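Below, in structure tokens: the form predicted on its own, a single chain.
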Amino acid sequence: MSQATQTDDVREDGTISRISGPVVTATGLDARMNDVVYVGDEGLMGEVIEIEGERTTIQVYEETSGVSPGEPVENTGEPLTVDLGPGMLDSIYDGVQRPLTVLEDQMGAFLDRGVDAPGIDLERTWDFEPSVEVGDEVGPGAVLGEVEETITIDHKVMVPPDALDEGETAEVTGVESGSFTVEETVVELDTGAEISMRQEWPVREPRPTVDKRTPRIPLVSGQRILDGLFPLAKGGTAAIPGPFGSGKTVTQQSLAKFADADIVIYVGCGERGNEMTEVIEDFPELPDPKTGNPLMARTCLIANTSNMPVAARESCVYTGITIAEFYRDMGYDVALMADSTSRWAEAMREISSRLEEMPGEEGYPAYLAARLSQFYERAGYFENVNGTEGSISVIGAVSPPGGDFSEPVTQNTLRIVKTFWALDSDLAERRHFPAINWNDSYSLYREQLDPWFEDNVADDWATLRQWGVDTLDEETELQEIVELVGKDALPEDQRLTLEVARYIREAFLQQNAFHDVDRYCPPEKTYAILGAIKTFNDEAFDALDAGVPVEEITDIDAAPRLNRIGTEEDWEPMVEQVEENITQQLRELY
């Protein structure tokens, strides 16, 4: 988090009168809503969340044990902000943007209370290459030049959106190239503004844009069930609800690793420490499938585990979305993973109860739906104030207790997001991963994304997908009959449909996230696998119509090879050969 500075409007400090966990009440404090304050003799960071007469209520982002009434509260007069500039990628922060790797170097694995550090390195120099000259006119958000932030990402230095009024322009009166720290001036404007590479922005305030557009390009995930059946658009919103052990974190990690976003922001919000440790250890070792460079070169991690203070958990999603908006303003496509929004909602519930607010359903605050909406609404495909276009795709995991999708967080999220990937504990118990239930899941982006898939993958993409969906729907209906009377009581054509649906489930929907090849499946391969299953379906029904018994059709040895296409690196000749063998063997039967 950026070190909040005192404004010209000097405000009086106060004293602690009451402490209830992370919620502290102060008196005599001259403050505004959302001001950052430093609480107690140790200077614990907090934020004003309620003002009632002389009483000011503060949520503290650190453990408050040992703090006592009568200790001072110092007001900064500034809202909770983040440092924005080169150096955020390949970094690991906590919920209020304190750089954990920097603090670890200073004091080891256990952090002292009251410590703080800038979100970006203020002493490191960057090679700035300007793209403007003296005399150029620039407006809010205009790109002034670039620095190479990582081997993968060029960081665009921009005029802060609040440096000029909307529609106002300024003339460049001075520009420098060379090596600079993030606080040194690189461009001067005739308004007197001195622009550096560093910006600060309040986390609860969205960065301005010109227009929010309908997204029409998919966020290709490399997961067959997602790209093939329930695609997400760049700039779209998705929810992954599921009970414990159903694979939410693995699915989100796969998306973070392989989705074709330029930038990935991974927010571990209240998750178990061992899961976050796995992310922190794995990501630096993984190659980016797009560039071959380290995956961390385009990734920013925010680690706020379940044993960290609950108030910082409430702010971590805002920290993540603000960093995402900064890179969106540069024209990048950003994917933000929030794992999980249920823990965020639980943090709001705990703070709300300590404020003695009127509880809503299941004890959550009455404003739960509004907070979720405010967060997801910051996603989208935007035209930025500087003329570039960028997107933020938000994928939020939800952890409903006992897998109950009727609980408030899941239901309120469903009203907001347009893509729903429902994880199923029954599928997980059968070792079917990803355990996404194809009957309960949906995507409202399919029709607007079909033209892209038809232009870039295959012109019958939508037709083939609909065939797969219809086959799975028919299987679901037939399974109800099978449970009553048994499979052998079905007509032969329905038994064959069940066999085709089995291949869709096993060869297409199942995917091994830990296999070197199968963990990422490009759309072309996704189409080819489903197309090969369709070939088996068509040839098998032709054979059935010719009088071949269904037992002989399902007994051919070419069909089981469909299950091995996903793990085949050189898959194109294999698909062609499997289709030829299926066709040949089935036609030899009649």
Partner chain sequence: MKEYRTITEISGPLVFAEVDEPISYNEIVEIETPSGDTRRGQVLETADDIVSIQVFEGTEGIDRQSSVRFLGETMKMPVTEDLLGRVLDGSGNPIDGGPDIVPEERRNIVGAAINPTAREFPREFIQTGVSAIDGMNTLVRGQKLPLFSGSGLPHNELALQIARQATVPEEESEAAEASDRPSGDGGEPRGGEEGSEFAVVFAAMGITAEEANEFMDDFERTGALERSVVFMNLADDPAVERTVTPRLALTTAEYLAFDHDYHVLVILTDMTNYCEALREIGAAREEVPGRRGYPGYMYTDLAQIYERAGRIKGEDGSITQIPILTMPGDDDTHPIPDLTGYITEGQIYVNRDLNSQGIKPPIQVLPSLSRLQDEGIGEGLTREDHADVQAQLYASYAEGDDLRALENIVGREALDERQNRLLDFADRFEEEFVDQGFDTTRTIDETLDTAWDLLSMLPEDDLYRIDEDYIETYYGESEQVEATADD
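Numbering follows the first chain given and starts at 1. Quantities reported herein were computed from a predicted structural model and do not represent experimental measurements.
Only in words, not in the display: the form predicted in complex with the partner chain, which the text now covers.
Trainee: Decide yes or no: are Val115, Thr209 and Gln584 jointly within 4.5 Å of the partner chain in the model of the complex, with each residue judged by its heavy atoms?
Mentor: Negative, none of the three is within 4.5 Å.
Trainee: With the partner removed from view, which of 191-199, 228-236, 503-511, 412-420 is the stretch that lies within 4.5 Å of the partner chain in the model of the complex, judged by heavy atom distances?
Mentor: Flagged stretch: 503-511.
Trainee: With the partner chain left out of view, choose which of Thr277, Asn293, Ser177, Thr463 has a non-hydrogen atom within 4.5 angstroms of it in the model of the complex.
Mentor: Among Thr277, Asn293, Ser177, Thr463, a heavy atom within 4.5 Å of the partner chain in the model of the complex occurs only for Thr277.
Trainee: Using a 4.5 Å cut on heavy atoms, which of Thr476, Thr173, Thr101, Thr181 is close to the partner chain in the model of the complex?
Mentor: In short, Thr101.
Trainee: Any of the heavy atoms of Ala369 lying within 4.5 Å of the partner chain in the model of the complex?
Mentor: The answer is no: Ala369 has no heavy atom within 4.5 Å of the partner chain.
Trainee: Any chance Gln577 has a heavy atom within 4.5 Å of the partner chain in the model of the complex?
Mentor: Because no heavy atom of Gln577 falls inside 4.5 Å of the partner chain in the model of the complex, the answer is no.
Trainee: Given that the partner is absent here, does Gly273 sit within 4.5 Å of the partner chain in the model of the complex, heavy atoms only?
Mentor: Yes.
Trainee: Quick check on Glu63: any heavy atom within 4.5 Å of the partner chain in the model of the complex?
Mentor: Answer yes; at least one heavy atom of Glu63 falls within 4.5 Å of the partner chain in the model of the complex.
Trainee: Need the contact residues for 476-492: heavy atom within 4.5 Å of the partner chain in the model of the complex, sequence order, or none if there are none.
Mentor: If the 4.5 Å heavy-atom criterion is applied to the partner chain in the model of the complex, 476-492 yields Val482, Glu483, Leu484, Val485, Gly486, Lys487, Asp488.
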